[in-house]
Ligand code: AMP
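In structure tokens, one chain follows: the form predicted alone.
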């Protein structure tokens, strides 16, 4: 069996490549399966699935949802979701409305800081996909207000920076519910961004999330240290959580990360996909979800 990458972004959110392009690139890299996990949107999934069928690459319909969390940043991944499910689509419309309301406020703040960029410029960079902070960063970089992508976030766009505007997010419980209702498997993404004090805090958080329906944890991720990876793997095994992983690839060379291999060390086996399918099927068989 070949290798997989279960955390990928397309131009439907803040990636550079279209869904078709990312699928073809994955095929050229020798991958057997990928998951399209765009931020708060499933707009790129259908195109990815169609291209995958054409060229013989398994594409998993998925999503990455940013949720409300007071410490750091919490993202929940949903795998094998039914992209036509009414509740899922209703909730995603709410998130997209919140993004649409936030973006003009960020333009206004940047303008007040003496940076005369327009929303049309940001929209153009997005390629017509869902607009997010990386697109703002790209415009700031192209117009030479910053020297690097990272500087754009540090100086203007990260939480607490002068142009940052908070947005509406669902609670973890709400997000797990609509992922699960849409026949998806809810997985905690890259736990190292949670901003927790130590292993005990993460363990307690996992216990709480498992009670809400969490079924997995993203153990393998380019920014996880070897110690963090070992810790997350141990917790997954202790609580019977499915182990996933991926590169968080956006179509650009960010910190030396490439599709399927991360910084060169990542080789994720197809058995991860099989484990996700087992969890999904066991939930369906137990009648624990509505379709």
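Everything quoted here is computed from the prediction, not taken from an experiment. Numbering follows the first chain given and starts at 1.
Same protein, other form: the form predicted in complex with the ligand, not shown, and the subject of what follows.
Contact with the ligand in the predicted complex, judged as any non-hydrogen atom within 4.5 angstroms, is confined among 118 to 126, 206 to 214, 175 to 183, 94 to 102 to 94 to 102. Contact annotation: residue 14 falls within 4.5 Å of the ligand in the predicted complex, judged by heavy atom distances. The ligand is not shown here, but in the predicted complex it comes within 4.5 Å of a heavy atom of residue 150.
Looking at residue 132, you'd find a heavy atom of it within 4.5 angstroms of the ligand in the predicted complex.
Residue contact check for residue 143: none of its heavy atoms lie within 4.5 Å of the ligand in the predicted complex. The contact residue chosen from 109, 85, 155, 167 relative to the ligand in the predicted complex is 167, the criterion being a non-hydrogen atom within 4.5 angstroms.
Interface residues of 23 to 45, taken as those with a heavy atom within 4.5 Å of the ligand in the predicted complex (partner not displayed), are limited to 39.
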